[in-house]
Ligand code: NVA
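In structure tokens, the next block holds one chain alone, the form predicted alone.
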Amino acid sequence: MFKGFLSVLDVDRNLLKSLLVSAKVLKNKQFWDDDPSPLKGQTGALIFSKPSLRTRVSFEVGIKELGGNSLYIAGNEIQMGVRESIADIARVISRYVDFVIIRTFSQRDLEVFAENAIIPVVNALTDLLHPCQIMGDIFTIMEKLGQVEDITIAYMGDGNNVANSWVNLSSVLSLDLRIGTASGCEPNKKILENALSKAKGSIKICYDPIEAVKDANVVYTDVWASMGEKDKTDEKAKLLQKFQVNSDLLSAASPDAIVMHCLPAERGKEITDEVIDGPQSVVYDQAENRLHMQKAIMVHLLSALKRMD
């Protein structure tokens, strides 16, 4: 039963395919199960301890379009784990709202919240994982390439929460995933080992950028220093400079490759203007699709809860 969404690993291949179908239906403005307001009477709390543009707006708009209500709570207002325990906050807020969207630093804090909540919890980003981003991304790939498996994805840059989520996705779908990165910047070791033992396709760490992008169908990048690691900006830039997605690097990929970036971008660093604004870039379609995929996730979560009742 789909009770919450803390990681891509919370869905199997069949459910993931169902979510893709639902996202397409919702994007085309069709009603889900003939219901124009599947979240009518439902309230979702957005607990955000990190700044946000796409995540906050897409969730709030999505909830409204589905007929529900949203309540934004800044992390400094409730100070999870400081002013009171995370477990107590989860138990209390479960009495007020129907589901919770959390954007925070620690994956463990998110898990503790979910363990103590009696309502669905969605991971809107932690330092470790960014599953909603990757779900929107795979939906974009389906739109642009017509398939979501047996494709080559070259992720270029730091082994951050986005990279970790791509690695997790390789446990669900058959992908040829190549992580182009520098030594010391690899994805989380435990996540990588787990995925390698279960991968449907292949996962390879490439320390040569050309090896990573050669004939790739998707070239993906993200900022070199994520939120919470801005003190490492200069260090990461030195390590990852050769993995910059520029025209020369892109020329090694498939001629019809698409370029993706989860945004915000630090133009001129991990990606150049000519690429992010170029004809192969799909970054703004990718950003829009966060809205449609997150709507699909919320509809499925609340539908699963109704079935449990």
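Note that residue numbering begins at 1 and tracks the sequence as displayed. For clarity, every value in this text was computed on a predicted model and none was experimentally measured.
As for the form predicted in complex with the named molecule, it is not shown, yet the points below apply to it.
Does the named molecule get within 4.5 angstroms of any non-hydrogen atom of Gly67 in the model of the complex?
Close contact is absent here: in the model of the complex, Gly67 is far from the named molecule, nothing within 4.5 Å, heavy atoms only.
Quick one: does Val162 come within 4.5 Å of the named molecule in the model of the complex, counting heavy atoms only?
Yes, Val162 lies within 4.5 Å of the named molecule in the model of the complex.
My question is simply whether Cys262 lines the interface with the named molecule in the model of the complex - judged by any non-hydrogen atom within 4.5 Å.
Contact with the named molecule, yes.
4.5 Å heavy atom contact, Ser174 to the named molecule in the model of the complex
No - in the model of the complex, heavy atoms of Ser174 and the named molecule never come within 4.5 Å of each other.
Using a 4.5 Å heavy atom cut-off, which stretch among 199-207, 174-182, 78-86, 123-131 contacts the named molecule in the model of the complex?
Of the stretches listed, the one contacting the partner is 123-131.
Here the chain is shown alone; which of Ala195, Val223, Val112, Leu239 has a heavy atom within 4.5 Å of the named molecule in the model of the complex?
Of Ala195, Val223, Val112, Leu239, the residue with a heavy atom within 4.5 Å of the named molecule in the model of the complex is Val223.
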